[in-house]
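One protein chain, two forms: both are listed below as structure tokens, the first as structure 1 and the second as structure 2.
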Structure 1
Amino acid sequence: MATTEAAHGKRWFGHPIMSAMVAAGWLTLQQAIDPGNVLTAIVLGLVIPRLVSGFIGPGVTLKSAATVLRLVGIVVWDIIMSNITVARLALSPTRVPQPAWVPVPLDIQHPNGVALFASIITMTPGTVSCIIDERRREILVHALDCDDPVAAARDMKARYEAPLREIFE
């Protein structure tokens, strides 16, 4: 029974990223960190992924917790810096943005890693991932201001995809 449940992601911590996101989402929505909300966040972070595991597939085994923390730091830093850059761009009357389509070739194979890569791109102000083209193995990204699409793709791969490969593959 336990082996069957583990094979189908029916473990209490079978989806650690989803558990963390549910718990963080709860605490963000409550706008308060007190013992009651932290306990509720932990319970929701454990129960919700277990309840929906049949819909989201098998759990993920994260290969490197240190890389997860490093990636979270990179993403938070990039979101802060991108907000500043986009605000400067929007508030500068003389600056004309150069929008561009940036094809980002994919080396990562894990479907959750690809989805997380696209989500990180979308969360960063100034960029939106538009298409994950599985046949061509690339993500098409619209950048608000980009003068060198090749360098932008190389930067996204180094900052986000490489750590995701360490985490998932």
Structure 2
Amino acid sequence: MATTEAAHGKRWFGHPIMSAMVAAGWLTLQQAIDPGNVLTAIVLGLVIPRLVSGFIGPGVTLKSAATVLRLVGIVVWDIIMSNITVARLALSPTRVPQPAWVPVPLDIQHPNGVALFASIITMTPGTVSCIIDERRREILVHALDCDDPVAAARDMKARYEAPLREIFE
């Protein structure tokens, strides 16, 4: 614990993005902006990131806001398209899905980037991240219907990992 605290510093504003998100989350929950709520939001935004800083590592700086927007667009589009694909698969009486294990090698280094990459893979239907192996630097993905695991892995890396690397590294 002592070494973690020394490494990250006991600073009050070491995680600006998390502070902003906690404060914004509180105000959204209250659906009212009056002095009391704003004050509570500021206090929560300062205290919570500091309390958990030993667990979450150093703060994050986002490199490119434009890439964040582009990635959100890609993910929303993929969620809609792959939902339709999976719906067709689930409802057609004759088609039997061909499940496969897809090992996705990781190039992204930042731990938050890895977590986000795995989350995006799970949220887009048809693929679920099963094992995130940071030592072997690989995510094991179960694909619902996939005849070419190598191409699927290449696709995921190009669509999500490349923008994430631009954002985090």
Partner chain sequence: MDNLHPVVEIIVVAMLLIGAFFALVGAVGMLRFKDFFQRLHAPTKATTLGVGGVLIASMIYSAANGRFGTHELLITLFLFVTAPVSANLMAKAALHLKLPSKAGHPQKKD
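The term rigid core refers to the most C-alpha atoms you can superpose between the two forms while keeping them within 1.5 Å. Source: prediction; values computed, not measured. Quick note, the numbers are simply positions in structure 1, starting from 1.
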Query raised in the report: Structure 1 or 2: which one is the form predicted in complex with its partner chain?
Result: 2
Query raised in the report: Core-aligned, does residue 28 move its Cα 2 Å or more between structures 1 and 2?
Result: yes
Query raised in the report: Does residue 156 move its CA by 2 angstroms or more between structures 1 and 2 when the core is aligned?
Result: no
Query raised in the report: Superposing on the rigid core, do we see a C-alpha displacement of 2 Å or more at residue 18 between structures 1 and 2?
Result: yes
